[in-house]
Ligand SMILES: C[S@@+](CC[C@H](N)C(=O)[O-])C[C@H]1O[C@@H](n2cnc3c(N)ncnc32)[C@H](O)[C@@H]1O
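Only one chain is given next, in structure tokens, and it is the form predicted on its own.
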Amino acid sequence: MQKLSSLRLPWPTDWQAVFGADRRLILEIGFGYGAFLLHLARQNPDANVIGVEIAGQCLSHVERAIERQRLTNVRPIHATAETTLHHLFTPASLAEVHINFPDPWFKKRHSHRRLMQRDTLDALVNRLQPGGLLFLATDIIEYAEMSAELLASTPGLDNTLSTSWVNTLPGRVVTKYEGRAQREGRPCHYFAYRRNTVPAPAIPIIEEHPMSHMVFRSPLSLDEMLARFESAEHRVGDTVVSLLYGYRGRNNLLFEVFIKEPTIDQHIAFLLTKRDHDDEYTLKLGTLGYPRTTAGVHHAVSILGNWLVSLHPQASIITSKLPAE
């Protein structure tokens, strides 16, 4: 099976091309060891079923199970929910979304990591087609109460249940985690909502920018620049660019960089290479880590390039291929 990742799939993704069939789309966010995902695929042969997960062990386990069971209508993707919703899917493209037992992130300082948040829910509503269904399950009462309040204040969704949630849902397959919660006496809370015709929040598809680079002139050598390098963190709006390490290559420098954006994290590298003229250099994105040219990558080129130029009063930028702010 071809291993799929949000870092290598087109933005947005042509799911008909991925599956070889144009069928309705069902998404499970965080499929774990895949019992529910495989159940969705078997129960919905008329649908293309997509599961997203960040744990490599879970991905490998599910990929092997799909091959053993010869299922052709399901694909596991290495991706976060934020990247999936903002980069891979177009508005009104999803028929169903399933979220099973998301991490509650109990500590207050970790609350921003919870999946059920206004920004993520708005993206879900935008990507659901009219009549599309959203299902949520949790065994944490505090998470259920928080989610109930959030869902009830979402105009684009209608509750299909007579109460905020129910503790049993007929026809549902019991996952490994779900079974353990029940055996340990933790009741499960199930939500079921339907997308209505209220206009969805405007959530644009985030596509890639053109590749960026910088050419500059400096009397400093590669070794002199590397000697001045220090790890640093820069914030540009809601993006964090962390300059981690610098390394000396034969004819270049490699800078290891971590970029955190609201919808994607990237751990990548930039190359600084000497040009034909002794005092000219090119700074460009390397190929380490399957980089995608997001706005955060452009910020990183600008930050790193401007720092390199600032190292010497005679240094100057020759060309800068960066998008307009």
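Owing to the predicted nature of the structure, the values given are computational and were not obtained by experimental measurement. One rule holds for the numbers: they count along the sequence shown, beginning at 1.
Heads up, the form predicted together with the ligand isn't pictured, but that's what we're talking about next.
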item: Contact test in the predicted bound form: residue 123 vs the ligand, heavy atoms, 4.5 Å; value: no
item: Interface membership of residue 79, the ligand in the predicted bound form, 4.5 Å heavy atom rule; value: yes
item: Contact flag, residue 297 vs the ligand in the predicted bound form, heavy atom cut 4.5 Å; value: no
item: Residue 288 within 4.5 Å of the ligand in the predicted bound form, heavy atoms; value: no
item: Residue (of 233, 142, 224, 103) lying close to the ligand in the predicted bound form, criterion heavy atoms within 4.5 Å; value: 103
item: Listed residue that, although the ligand is not shown, lies within 4.5 Å of it in the predicted bound form (heavy atoms), from 52, 26, 62, 283; value: 52
item: Residue stretch of 250-258, 204-212, 156-164, 94-102 approaching the ligand in the predicted bound form, non-hydrogen atom distance within 4.5 Å; value: 94-102
item: Residues within 4.5 Å of the ligand in the predicted bound form, restricted to 18-35 and counted by heavy atom; value: 28, 29, 30, 31, 32
